[in-house]
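Just one chain follows, in the form predicted alone, and it is written as structure tokens.
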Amino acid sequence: MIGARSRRILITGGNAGLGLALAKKLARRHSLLLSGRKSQNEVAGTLPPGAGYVVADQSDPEKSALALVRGIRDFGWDGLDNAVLNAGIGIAAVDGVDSAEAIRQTLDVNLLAAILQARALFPLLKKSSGTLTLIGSVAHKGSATIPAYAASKAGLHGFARALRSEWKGQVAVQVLHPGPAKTDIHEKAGYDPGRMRALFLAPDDIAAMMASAIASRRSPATLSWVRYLNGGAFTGRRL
């Protein structure tokens, strides 16, 4: 039974990194459905108690969108209060040049999947006057080490601006741009940040800023050291 102040929240990529950190922060107050490409058995024991899980592989954007809608129905929800499209990948470029395969994979997972998922989730969000949150990156302004990744996040930024206008009065839309976090995304991308990693923010702190930004519905919002030093992880609206 969903309490009066509880929300139905979908988080893609919710089985690892910032998605999992956000899920753990929200699990006590809200009903959560998380998604990822790993199987149910692979994520068993890692998700917050009570959270549902659906397998949705973003490398196949169209199928991932269908999987999310089916998973929401199977979970017993007829609407969504929040959809946080967080799943993504990064692939470090070799000498500043992405391979064609890396470009296609990055854009499919980070951009095309989010676009198709947003379209598929719109009726469920509209029913609840909900909020769609796209998770971008400070890299959307450009990054020499991950150009395709930067392009995909710039695409999300533009997509969010368009949807805010198109869906005005029906569904709130926002894009959040987290700074570097101490997750395994850089290792998976094949990039070693070296000593710079010491300056990365803890996932829990970024998750706290994400939750506050989601509650406020403001867009765009940059979640980096500047906001953190101004108390962003400890102040602001509660989701």
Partner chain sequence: MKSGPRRALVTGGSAGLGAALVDWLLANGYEVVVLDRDRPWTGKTSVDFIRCDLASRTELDGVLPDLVSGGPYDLVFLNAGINATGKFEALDPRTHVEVLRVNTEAPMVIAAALFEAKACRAGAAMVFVASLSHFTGYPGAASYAASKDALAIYARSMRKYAASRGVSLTVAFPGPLKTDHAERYSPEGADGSKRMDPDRAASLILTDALAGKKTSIPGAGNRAFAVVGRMFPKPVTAMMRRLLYDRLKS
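The shown structure was predicted, so the numbers you read here are calculated from the model rather than taken from an experiment. Residue numbers count along the first chain shown, from 1.
Although not depicted, the form predicted in complex with its partner chain is the subject of the following passage.
Picking from 166 to 174, 34 to 42, 202 to 210, 49 to 57 the stretch near its partner chain in the predicted complex, with a 4.5 Å limit on heavy atoms, gives 166 to 174. By the 4.5 Å heavy atom rule, the three marked residues Gly13, Ala27 and Thr131 all fail to count as contacting its partner chain in the predicted complex. Listed residues Ile91, Ile72, Leu124, Ala150 were compared with its partner chain in the predicted complex; Ala150 is the one with a heavy atom within 4.5 Å. Its partner chain in the predicted complex is approached by Phe159, whose closest heavy atom lies within 4.5 angstroms of it. Although the partner is absent from this view, Asp108 contacts its partner chain in the predicted complex, with a non-hydrogen atom inside 4.5 angstroms. Of the heavy atoms in Asp98, some are within 4.5 Å of its partner chain in the predicted complex. Contact between Gly142 and its partner chain in the predicted complex is found at the 4.5 Å heavy atom cutoff. If you take 114 to 130 and check each residue for a heavy atom within 4.5 Å of its partner chain in the predicted complex, you get Ile115, Leu116, Ala118, Arg119, Phe122, in sequence order.
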